[in-house]
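In structure tokens, one chain follows: the form predicted alone.
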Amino acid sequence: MKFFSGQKNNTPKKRLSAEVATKASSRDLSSVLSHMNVGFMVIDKTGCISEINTACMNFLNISNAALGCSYIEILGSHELNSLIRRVKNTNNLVEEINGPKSGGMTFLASLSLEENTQEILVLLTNSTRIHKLESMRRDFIANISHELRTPLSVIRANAESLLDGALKDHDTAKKFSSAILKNSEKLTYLLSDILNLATIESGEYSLDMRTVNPKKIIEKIVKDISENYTSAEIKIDVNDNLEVIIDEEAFRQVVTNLLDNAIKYSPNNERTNISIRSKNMGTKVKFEIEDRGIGIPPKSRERVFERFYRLKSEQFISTSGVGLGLAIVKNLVNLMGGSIGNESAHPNGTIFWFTLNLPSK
């Protein structure tokens, strides 16, 4: 049934107003989606890009100049181009795709074809982080399975040997018991790292920040490490009168983990030369721990601070662990108000550095 009021709305002026309202509404939607970090793009029936929001331009590494241009010439994602061609036959498509190679991102692409206008609406949701989390989960399961299996196998084998008669031989029983104790401690340290990181990331880790002379703490750490790693030669170059604002336990864990890491990733069968020094940076002090290993590949410089990420090489001493040490270090340094990073040493090796606050004068 038709109403006269509906016919009156068909005047040129009314139609123009409706078109203006529709375009304004489209711009508002585009802006809202950009704030939600969702890419929005419209391709007209001629194959040209008629609308695109900021998020979509960032995702696809294109500019406003793309408006009015053919999507085939502009879009660098071959997978997205393929979806745009295919949606004309199916009306709706939802698939995960890779973005431009330079970005290294993945997206959930949702496309729909408007039958009346033959326009194609494209929505892109960034799924890169989801893939990253999934990769971290797989790494964790693989690493934790390996790290648990080895000590548990040793504990079980030695316990079975003791029950089978080794208890009667004092020297053998002592040897097996020592192996059980050593691997039990390894499991304890492993679980402690997992719980520590969980506590830190949940915001439940409490700090006791004080003005402290860090050199004495560093000297005690180096003394303990040198007793366990006799091939390690650690040089300390820290000002005797230096004072920093730290949580002592957190600082001790940061320095210990970084020194352990420097030793662990040093080449086999060589004298391990490591130095730890401090540099006054005005309101902060910068600590540097430098080793003479083979260094870290550029692509892994940031990743070494990720949970469960580990460098692997036959040139390194045993790289046991699940890849939590540097993640814990980064979180503790950040909690104490500092920053952390690494860079290449000359002529070879790596410098891990972190900053902490100096007391105000």
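Being a predicted model, the structure only gives us computed values, none of them experimental. Residue numbers here begin at 1 and follow the sequence given.
Just so it is clear, the following notes concern the form predicted in complex with a small molecule, a form of the same protein that is not shown.
Contact between Gly295 and the small molecule in the predicted complex is found at the 4.5 Å heavy atom cutoff. For the chain shown alone, Arg310 is a contact residue for the small molecule in the predicted complex, at least one non-hydrogen atom being within 4.5 angstroms. Within 4.5 Å of any heavy atom of the small molecule in the predicted complex lies no heavy atom of Ile120. The small molecule in the predicted complex comes within 4.5 Å of no heavy atom belonging to Asn143. Of the candidate stretches 229-237, 110-118, 254-262, 174-182, only 254-262 has residues whose heavy atoms lie within 4.5 Å of the small molecule in the predicted complex.
Residue Leu326 is the only one of Cys56, Leu326, Leu33, Ala66 with a heavy atom lying within 4.5 Å of the small molecule in the predicted complex. This chain appears without its partner; in the predicted complex, the one residue of Val304, Val38, Ile52, Ile62 with a heavy atom within 4.5 Å of the small molecule is Val304.
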